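Included below are structure tokens for two forms of one protein chain, each presented in isolation as structure 1 and structure 2.
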Structure 1
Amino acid sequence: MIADILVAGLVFGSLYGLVAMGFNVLHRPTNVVNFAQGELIMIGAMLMAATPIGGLPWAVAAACVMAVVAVVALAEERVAVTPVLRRSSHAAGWVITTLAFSLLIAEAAGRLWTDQPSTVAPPWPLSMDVEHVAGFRFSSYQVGVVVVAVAAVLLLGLLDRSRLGTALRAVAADRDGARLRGIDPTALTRRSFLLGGALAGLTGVLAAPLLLASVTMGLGLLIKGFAALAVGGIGDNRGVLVAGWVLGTVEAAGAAYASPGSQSVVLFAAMLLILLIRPNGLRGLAVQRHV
């Protein structure tokens, strides 16, 4: 049973970590936590399940989904984020505007698609067939999800060390000061929303074969991704992936030893306990300002 819990924790925790990485990508230049991130992920999953895109070769379909969700995220940036930040970079009106955008997406999805979950096949040569190795039971697709999550952390780390990453850190530290140094915060915000939207689309594509694609899947992933963000630390992509694995394992243990209905209670109790002990996140990185 412990082996099954660990496998489930790694797999579903990787999804929670990917959601939290999407939060980080959008938060860096804007200090905004995008409450529509869950619905962006839902769009990605539904596009794979309920549109002709899902009939394309998997790599082509995934690229199309990422592009479409990136455009939706850019539209969100234009109508729900930039107008708020234009008034004041410290304004908190984005909480309401991103929530409103999330509700609009959910309403549109409810009109486009039914609320019946849809199955999505994993890409060839991966499968959901269970393999037995050294007492662990897992499928090749589950391994693929974990590998993609680790690769996402590495790629975002490379981006963070690039010239673009330096500019993003400058905007995060002082949006007005960065503008005085010749950096265009608006352009960087657009790029971040495009990247964050693409990452949300990829997360939806990966989640669909595991969770079943449905118009209601966004809220659950949003909440658990936010929990991974809180435990892992805002801006720390390695931390949020580790936090996702920890929370995924706790959730699986709650389902196994308590009951499936209480797994969310166990998960959030664990989150509160961790934050009481490590208020700056699991890795406890100090908040630094880079200009």
Structure 2
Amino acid sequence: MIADILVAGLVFGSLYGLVAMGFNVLHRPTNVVNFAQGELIMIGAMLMAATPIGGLPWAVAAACVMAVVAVVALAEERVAVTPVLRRSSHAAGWVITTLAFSLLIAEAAGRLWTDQPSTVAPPWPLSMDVEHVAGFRFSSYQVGVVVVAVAAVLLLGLLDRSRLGTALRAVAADRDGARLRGIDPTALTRRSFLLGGALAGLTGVLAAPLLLASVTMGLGLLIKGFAALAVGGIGDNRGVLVAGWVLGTVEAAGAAYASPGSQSVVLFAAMLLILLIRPNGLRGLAVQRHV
């Protein structure tokens, strides 16, 4: 039983961690938390299941999906984020505008697709067939998802240390100050939305074989990804992945041991408890601001 809980915690926690990493990518240059992230992921999963993209070889299909979702995210940046930030970099109107964009996506999806879920096959040579190893039961695809999540953390870490990452940190610290130093925050914001959209598309692609592609999948992932972000610490990609694993494990344990119907209570109680003890996130990285 414990083995099952750990496997579920790692696999689904990796998805939650990826959602939270998507939040981080967009938050860095804008201080915006993108409430449309769940629906961007849903688009990724649905496109992976739909023709003609779903009929392409997996890698090509995944690349197409990431590109399409990146473009949708860029459109969101153009209509829902930049106009708000242009008025004031500290304005909080993005809460409503990103939510509104999320509703627009849900609306379009509701017209295009029914609520019937679609299966998406994992890429060769991975499969959903369950293997038994040392008391653990898992599929090769589940291992693949965990590996991709870890790889995403490493790649985002490399990006963070690059010239682009330095510019992003400067914009995050002081958008107007960065502009005075010759950095174009608007261009960086656009790039971040493209990258964040691609990451959301990838998360949808990865989630589709596990959760099935469905128009209803976005909201649940958004909430759990947001929980991972809160517990892991905004801006800390390693932290959010670990937080995703912790929350995934607590969720699975809640389903196995808690009284029927109280899994959400267990999950969010655990989240509150962690935040009470570690208010700056699991790894406790305080936000630093260099002036």
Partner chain sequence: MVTYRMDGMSRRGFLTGAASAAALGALGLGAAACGSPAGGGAKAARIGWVEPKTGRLAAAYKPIYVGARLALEDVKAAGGMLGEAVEVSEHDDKGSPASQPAVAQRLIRDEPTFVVGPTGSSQVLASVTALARAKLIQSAWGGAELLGDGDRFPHHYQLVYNTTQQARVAARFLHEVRGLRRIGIIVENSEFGTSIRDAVVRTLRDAYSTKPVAVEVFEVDASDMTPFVRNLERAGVDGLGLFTGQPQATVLILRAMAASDFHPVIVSHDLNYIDALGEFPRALLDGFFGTTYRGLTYTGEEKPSDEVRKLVERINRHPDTAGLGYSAVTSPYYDYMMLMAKVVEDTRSLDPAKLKAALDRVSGHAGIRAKVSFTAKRHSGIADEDITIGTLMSAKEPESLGGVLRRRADGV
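Here, rigid core means the biggest group of C-alpha atoms that superpose within 1.5 Å across both forms. Just so we're clear, the structure is a prediction, and the values are computed from it rather than from any experiment. Each residue is numbered by where it sits in the sequence of structure 1, with counting from 1.
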**OP:** Only one of the two shown forms is the form predicted in complex with its partner chain, so please name it by number.
**Re:** 2
Original post:
Any chance the CA of residue 57 moves 2 angstroms or more between the two structures, core superposed?
Top reply: no
**OP:** Report, in Å with one decimal, the C-alpha displacement of residue 260 between the two structures after core superposition.
**Re:** 6.1
